[in-house]
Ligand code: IDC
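Okay, here we've got a single chain as structure tokens, the form predicted on its own, with questions on binding and movement later.
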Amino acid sequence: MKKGAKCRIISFFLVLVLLASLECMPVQAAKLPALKVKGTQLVNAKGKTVQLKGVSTHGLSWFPQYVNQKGFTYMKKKWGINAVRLAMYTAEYNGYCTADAKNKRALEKTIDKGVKYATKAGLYVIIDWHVLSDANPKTYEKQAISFFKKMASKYKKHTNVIYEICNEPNGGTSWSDIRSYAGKVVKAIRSKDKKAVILIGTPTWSQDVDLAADSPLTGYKNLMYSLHFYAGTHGEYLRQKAQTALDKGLPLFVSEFGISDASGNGNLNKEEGSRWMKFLKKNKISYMGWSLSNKDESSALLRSSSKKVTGWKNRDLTPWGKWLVKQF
């Protein structure tokens, strides 16, 4: 064989090897633009208002199967969501602060997968420190500082990551306590990530946004405050509290909502739900529907009989799930 022919054959095989290796490489999603807070609005780098619309997982220890690439990509393409929330309980069964070290590592791994899958799907992703039965976020303040410092260090280059530092303070927890806690956790995040959007919970299961508006956290940018509602329980009086907060310049983010009653169960109130959606649209407030699970309750998006973790058809959705998908 002539030397030139031999070289061409070798070159041909090298090209084949290169192409094969490229096919095996993970496909990277286009980098989402970093968001910031301007006035009461969430905006992009050009100052254009951005309204995030998506779903929240249920507890990551209980329903980890829904954190998967196909599911996230499906919801982006078929439902039209642009964000997903990863709800990590802090004190419930297998909570981050109450279970063993092995469980803690498993939860961090699930979050890592969630951020990876959301990034590849082209979604913004909220890492949620899901305070509930622990009531006062100061209960596990040290753990929260450590956790968010670790998360911010890991994801500081991810322009799509948002931090939610206390889901639903309750049990009479004062805004003063929440504000004190928030100051320490925000400082920890900012020591690693200077610009990411941070969501701060408010008293009474993140309803008393008007109290936060009277004395918001100062000295930091890109902070928003959580407003949660369930239309079966919360109506015009809570919208009035929200409007009061907006009028005082407080940026709101609905990081969790439903149209069942506040327990997450009971009858759906679609009429009140529609009034809420009109309010959110008018004020360009972002919203995350609860919850991506097949739990046997009316606030679950999926029927308890559905075992699918992606590719859901209409028959797989609950009445709430069908209603929510129409809102995106």
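The first residue of the sequence shown is number 1, and the count goes up from there. The structure displayed is predicted, hence computed values, not measured ones.
Below: the form predicted together with this ligand, not depicted.
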| query | finding |
| --- | --- |
| Listed residue that, although this ligand is not shown, lies within 4.5 Å of it in the model of the complex (heavy atoms), from K295, K53, R275, K36 | K295 |
| Heavy atom within 4.5 Å of this ligand in the model of the complex - the one residue of D210, E168, D193, D134 that qualifies | E168 |
| Exercise: N267 in contact with this ligand in the model of the complex, heavy atom 4.5 Å | no |
| Any non-hydrogen atom of N44 within 4.5 angstroms of this ligand in the model of the complex | no |
| Exercise: Y237 in contact with this ligand in the model of the complex, heavy atom 4.5 Å | no |
| Contact test in the model of the complex: W62 vs this ligand, heavy atoms, 4.5 Å | yes |
| Interface stretch in the model of the complex with this ligand - options 150-158, 85-93, 239-247, 104-112, non-hydrogen atom within 4.5 Å | 85-93 |
| Residues of 246-267 having any heavy atom within 4.5 Å of this ligand in the model of the complex, listed in sequence order | E256, A262, S263, G264 |
